[in-house]
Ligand code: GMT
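What follows is a single chain, given as structure tokens, in the form predicted on its own.
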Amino acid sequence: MSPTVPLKIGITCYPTVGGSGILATALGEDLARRGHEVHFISYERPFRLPTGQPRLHFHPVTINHYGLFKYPDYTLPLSVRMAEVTREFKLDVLHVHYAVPHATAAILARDMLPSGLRPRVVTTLHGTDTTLLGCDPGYGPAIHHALAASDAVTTVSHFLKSETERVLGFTGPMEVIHNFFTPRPPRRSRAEVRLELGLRDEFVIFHSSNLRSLKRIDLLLETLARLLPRSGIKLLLLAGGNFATYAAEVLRLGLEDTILLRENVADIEDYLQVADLGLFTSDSESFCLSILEAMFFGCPSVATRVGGIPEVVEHGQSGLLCPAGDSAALAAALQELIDHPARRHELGAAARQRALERFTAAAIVPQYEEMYRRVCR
């Protein structure tokens, strides 16, 4: 296939808040800007997917609820919709983000079509599809089969590649293509956002996640409670999950006046510009896109040294990394950067420079384009 011919690409991801869906959406946007025709296929529109952009389309999957099934099935309706969109628009590639159930559905969709219409299947692993579901005997064999049947497999970090080999016993080719971020111009000024948040001179610690258990929000709260003086500190929490489950812990630690909660934020750039320091306390991360998002705004992070985070943050150069589960070490690192603004600004400048050099769309998206063309030859 000529390197100048635009491709027709189907993308399936989870449309809710989470790194895999955010990355897939940003990838689709950038591919469309580069002249490719991009079709998102999912049960609802990804929450950051813009409307009205040329060559960018969305096709909803209808899920029927039949009394015959105790639990509604998504894999089969998704595979049928993938096949329909592929047939109608003559897709070259189905790029699925997250193995379950997207890769399985893509393989089935491909097999439904006649040989002349079959798309190539590219599967990108993002994390718990390997580290959690891959360990489950009810999912692991199906994930392994989907990877083996894919035309190409990518992972978002070297850590995740090695875990996929270890957990799933998958020895086929896997290419590491890191995540990227393209910040949009903030819609509001920094002063407007600080006014909305009721901020005066407070120091702002930033955290963004879907609040799953492996994010260790309990540890994050415990770490905050160790900081002194607490009165001048606020936690800006951009939540993609139910934070109400932590209400009792917030009260126990006396943090009810410390937390500024915003849920399901699409315009994350508005809030990133007011952040002074990021805090991420996960037990496991394949990459941690939220850290990268903060880096683009010159905001360094204190984070646990787990998974793929050391591939994003260089300890002591673009942020500080601490042992997993150690709230005392995390709090000490935070306190150091709160008390020494020059050091914090030095790390922030280095974090921004690293992001601009390694994790932009210009650096990452061509790697996907080259992969698509390679599997389509």
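A residue's number is simply how far along the shown sequence it sits, counting from 1. It should be emphasised that the depicted structure is a prediction, and the values quoted were computed from it without experimental measurement.
The same protein has a further form, the form predicted together with the ligand, not shown here; the description that follows concerns it.
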*Select from the listed residues 182, 273, 258, 284 the one whose heavy atoms reach within 4.5 Å of the ligand in the predicted complex.*
284
*Might residue 19 be said to contact the ligand in the predicted complex, defining contact as any heavy atom within 4.5 Å?*
yes
*asked:* Does any part of residue 134 reach within 4.5 Å of the ligand in the predicted complex? Heavy atoms only, please.
replied: no
*Is residue 216 one of the residues lying within 4.5 Å of the ligand in the predicted complex, judged by heavy atom distances?*
no
*asked:* How about residue 187 - does it come within 4.5 Å of the ligand in the predicted complex, if we only consider non-hydrogen atoms?
replied: no
*Taking the partner as it appears in the predicted complex, which of 124-132, 229-237, 245-253, 293-301 has residues with heavy atoms within 4.5 Å of the ligand?*
124-132
*Stretch 287-325: residues contacting the ligand in the predicted complex, 4.5 Å heavy atom cut-off*: 287, 288, 289
